[in-house]
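Only one chain comes next, encoded as structure tokens, the form predicted alone.
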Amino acid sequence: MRTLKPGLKLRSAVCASEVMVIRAPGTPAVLACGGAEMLASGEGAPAGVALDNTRAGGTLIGKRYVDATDRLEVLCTKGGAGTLELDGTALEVKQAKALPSSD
């Protein structure tokens, strides 16, 4: 568990996914990908971790992911096979806001 802060870059321990935190709750939380907690630069993957096939929904490069309460927003900088989760709940791709019509 770590305190997530804007600008923090993390990588998955089980796939190629990499993200950068855009907005964070400011409290300790677990950001995971593919069933394993994400790692900061320079951290080694724990022995024996593997991609959980039930959490292999994938991440897409360039997409922003948010939690249901909109406390956390991350930008995917490298895609991979794992699903992003905050404290065990899957993150969703952030949808673009509808612009007002110009009639």
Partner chain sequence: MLLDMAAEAHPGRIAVTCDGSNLSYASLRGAAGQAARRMSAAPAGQPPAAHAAWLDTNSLATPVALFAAAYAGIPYVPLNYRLTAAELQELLARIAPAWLAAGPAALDRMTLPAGIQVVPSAGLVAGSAAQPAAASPEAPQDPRAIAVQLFTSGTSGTPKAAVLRHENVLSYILGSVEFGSAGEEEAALVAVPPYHIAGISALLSSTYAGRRVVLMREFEPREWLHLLAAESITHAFVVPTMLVRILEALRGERRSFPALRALAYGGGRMPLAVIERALEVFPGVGFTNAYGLTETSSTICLLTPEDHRAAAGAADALARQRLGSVGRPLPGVELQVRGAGGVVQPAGEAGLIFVRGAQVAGEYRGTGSLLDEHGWFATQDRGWIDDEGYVFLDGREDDVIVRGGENISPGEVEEALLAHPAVSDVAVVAAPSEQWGEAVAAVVVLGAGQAASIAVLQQWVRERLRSSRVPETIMFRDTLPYNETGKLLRRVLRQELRNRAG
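This structure is a prediction, so every number in the text was calculated from the model and none was measured. Numbering follows the first chain given and starts at 1.
The same protein has a further form, the form predicted together with the partner chain, not shown here; the description that follows concerns it.
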{"query": "Among the candidates 57, 62, 46, 26, the residue which, in the model of the complex, approaches the partner chain to within 4.5 Å (heavy atoms)", "finding": "62"}
{"query": "Distance check, residue 75 to the partner chain in the model of the complex, heavy atom within 4.5 Å", "finding": "yes"}
{"query": "4.5 angstroms heavy atom contact with the partner chain in the model of the complex for residue 9", "finding": "yes"}
{"query": "Any non-hydrogen atom of residue 81 within 4.5 angstroms of the partner chain in the model of the complex", "finding": "no"}
{"query": "Any non-hydrogen atom of residue 22 within 4.5 angstroms of the partner chain in the model of the complex", "finding": "yes"}
{"query": "Heavy atom contacts to the partner chain in the model of the complex at 4.5 Å, residues of 76-100 in sequence order", "finding": "76, 77, 78, 96, 97, 99, 100"}
